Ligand SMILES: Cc1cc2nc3c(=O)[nH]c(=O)nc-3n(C[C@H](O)[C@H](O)[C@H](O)COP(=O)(O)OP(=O)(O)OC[C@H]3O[C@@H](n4cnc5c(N)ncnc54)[C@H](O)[C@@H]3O)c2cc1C
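Take a look at this single chain, the form predicted on its own, given in structure tokens.
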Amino acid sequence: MNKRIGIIGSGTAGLQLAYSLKNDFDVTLHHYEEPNEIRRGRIQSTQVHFRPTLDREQRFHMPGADAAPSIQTIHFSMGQQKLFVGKLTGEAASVDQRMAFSKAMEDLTQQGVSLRKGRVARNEMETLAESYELLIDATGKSGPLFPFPVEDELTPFHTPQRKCIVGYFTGVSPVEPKGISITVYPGAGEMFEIPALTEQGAVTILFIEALPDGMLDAFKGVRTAPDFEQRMKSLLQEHFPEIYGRVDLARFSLVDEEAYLQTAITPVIRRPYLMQNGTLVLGCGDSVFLADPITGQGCNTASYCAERLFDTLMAHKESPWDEKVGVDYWSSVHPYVKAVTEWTNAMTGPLPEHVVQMLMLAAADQQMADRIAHWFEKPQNAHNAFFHS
């Protein structure tokens, strides 16, 4: 009889794990929203799946992102000065998670994966653990459900470093050549412009990472979609004239009334394994590897670690699932998680002088511009540039 695995959470990590594990194990996916509820709900994040993540999704036969706007470049500006456009090694894509997650859940149901609806409470953990040989906590930013110990070395912050302000807008012409636009205002924060696909069609995600109480922290008291639209339009006009110049004021609006978000994240990294009454419990994705979204690595780290977890479980398929499996999993992902975390944490502070020099050099050196763009596809390279140059 196949080993029983319970996955709690239907986000990037949970869904990829369900796809990868379903042919070799008895998989049950615990979720608290039906696909239609997810479709109609509030956006939860931004998302850019860089080429390595898209390749993993293809390997596990997950629903594709072929219709998403092409992301081929990274545009970088410092204040109102455009510095460079770097080319990615492969196309990236951004698909509204409400659309992607609901579609994947429906597809998994058709393929025979058990989906169990209901919010799992912490006082149910002991009983739930008795039902499986392995539980995976993939509860995302709302988790974890289990007391995974904090890795102090990788968790230097105890408060949010940015306020995250996100809206999915129509009426914004994309940058050319097609890609992501990053504008850094030292001492104030960053603006990210991301072309994305929603069920209503193509949109532009405007994502502000604002230092608390700085000039970009301009959405205090905003509680409605119309107010959010108006505040964003005013902010673009005042601080981002290049983007504002591409706005069609007659069409500029949120793609739907749930397409905006304000939140703040305290980054925390946890050791992703423990035993619960004799059952191995592993963590994957934001529930245990939670970084600030400034480097766009949340969903990509979740995907990377989900594949490493799949590889670990397949290597131990015929052996008991005990703490040694957790140790092997953590050992396999630790270097990647460390690189992403330390690079991301560094990006939330003043940029090191040698990194500023690299950015300035990239304005006249296409090879350097491309190398910087590749940081987002391979964060180990970014870590090397920040800490080993």
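Start at 1 and count along the sequence shown; that's the residue number. Quick caveat: nothing in here was measured; it's all calculated off a predicted structure.
Beyond what is shown, the protein has a form predicted in complex with the named molecule; the following relates to that form.
In the predicted complex, the named molecule sits within 4.5 Å of a heavy atom of F101. The named molecule is not shown here, but in the predicted complex it comes within 4.5 Å of a heavy atom of A13.
In the predicted complex, no heavy atom of M191 sits within 4.5 Å of the named molecule.
For I265, a non-hydrogen atom is located within 4.5 Å of the named molecule in the predicted complex, even though that partner is not displayed. Comparing 314 to 322, 218 to 226, 249 to 257, 296 to 304 against the named molecule in the predicted complex, the single stretch with non-hydrogen atoms within 4.5 angstroms of it is 296 to 304. Looking at the named molecule in the predicted complex, residues R39, V95 and Q111 place no heavy atom within 4.5 Å of it. Think of it this way: in the predicted complex, the named molecule has a heavy atom of just one of Q81, T159, S142, Q230 within 4.5 Å, and the residue is S142.
Scanning T28, Q44, T348, S332 against the named molecule in the predicted complex with a 4.5 Å heavy atom cut-off leaves one residue, Q44. Contact residues in stretch 102 to 129 (any heavy atom within 4.5 Å of the named molecule, taken in the predicted complex) are G118, R119, V120.
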